[in-house]
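Single chain ahead, by itself, as structure tokens, in the form predicted alone.
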């Protein structure tokens, strides 16, 4: 028996991504190396087609496949986020792969498959379905993290990511088993009405939270992040810092807002984790000399900011999370794309001191990076400023005064390491002459799009915030 056509419409983005992922793998052996851009174009076409298919899903809201997935404004919002991340990562990685002599077809296919897994996560209305999406995304990410096979640090980061990720996944899966044992269902919409063992349910939900806390890199489960981000190819780091994190936060939100028992149980865990995550990320970033490690610890801190909005437990907080995920993706994708370009062959220039004199020798590159760092810091006229403002507002309206104070303190702390990079770029004499390497067109397009998005959301946030507010209402 075939699935109703409406179910296929609702799963259209994932079907398109998987189809193009397979096509990329099949096409690469037949494409000459001199025309490898065709493979990149096919992958980019697949990611763009998935974004277009999201519009098709949006026109057919509702549940699909007997309630396993749900298409609503919330899932559509996140589909646009992870789809756009895939497009920008594919666009910005072509020149890197060519420079490093890496196989392109495998890379692009894995990015498409990882994005399909993220799409399943943001639509999942049932825990086993969420687990399947989580594993599709995670397995693809493990392979991508080790894509520079001849670099020991890349293999080390992938092994750490795989071992710790598998350990976190086991927590999630065992939590699902306990929840099923307590309620007799894995459907989120039926858990509150199911009678069962409340202690077993709380234990299961606690283990699910631990598994997802690892994926979003919140304390005390963030230790894998700096090593993985540093060792992975920089375009992969750009992907890991934005797409999977947005999908994991989406799943956390879905469970938190749909299952009443989860919202009651997780609130204090989220409060404590938010505070620990902000300080763990920012204080560790202060002493980093490697740009990728600094941005990795920065990512941890930003996960803490998002958790502050989580703790608000209202639609204002959920809308703030959604807005910040978009702003955060733009900032991180732009920053890591610029680091990819500046790193050079073999990613040799990754120390902060290597950026000395960049402002005078490559003013365009320095200007782009400065904008992203200002936005990550949260200065006005950038998306980061309004993102933090909305989170701060949600915390105050929920009377989370201490969390709001801690957020403000951590923003001040983060100013040191963001401004330090800018000082080095503009106020230090270069140790080495920067080669006059122009920014490749594809990389330049990614930089222009992310920079324009960062400024646009900093000046005109209303449209996105209205969409986020509309998407923040999740059905129970």
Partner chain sequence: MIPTSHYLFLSLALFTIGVIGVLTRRNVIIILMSIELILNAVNINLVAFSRMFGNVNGQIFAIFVITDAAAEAAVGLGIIIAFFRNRPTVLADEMDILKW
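Positions refer to the first chain, counted from 1. It should be emphasised that the depicted structure is a prediction, and the values quoted were computed from it without experimental measurement.
One more form of this protein exists, namely the form predicted in complex with the partner chain; it is left out here, but the text below deals with it.
Here is the short version: of 167, 260, 402, 389, the single residue with a heavy atom within 4.5 Å of the partner chain in the predicted complex is 167. When you look in the predicted complex, the only residue of 276, 339, 207, 352 with a non-hydrogen atom within 4.5 Å of the partner chain is 207.
Heavy atoms of no residue among 7, 48 and 98 are located within 4.5 Å of the partner chain in the predicted complex. Contact annotation: the partner chain lies within 4.5 Å of heavy atoms from the stretch 229-237 in the predicted complex, the single such stretch among 229-237, 374-382, 114-122, 298-306. Under a 4.5 angstroms non-hydrogen atom cutoff, the partner chain in the predicted complex has residue 157 among its neighbouring residues. Heavy atoms of residue 146 reach within 4.5 Å of the partner chain in the predicted complex, making it an interface residue. Among residues of the shown chain, residue 75 is not one whose heavy atoms approach the partner chain to within 4.5 Å in the predicted complex.
Shown alone here, residue 152 lies within 4.5 Å of the partner chain in the predicted complex, counting heavy atoms only. Counting a residue when any of its non-hydrogen atoms is within 4.5 Å of the partner chain in the predicted complex, the hits in 119-139 run 128, 131, 132, 135, 139.
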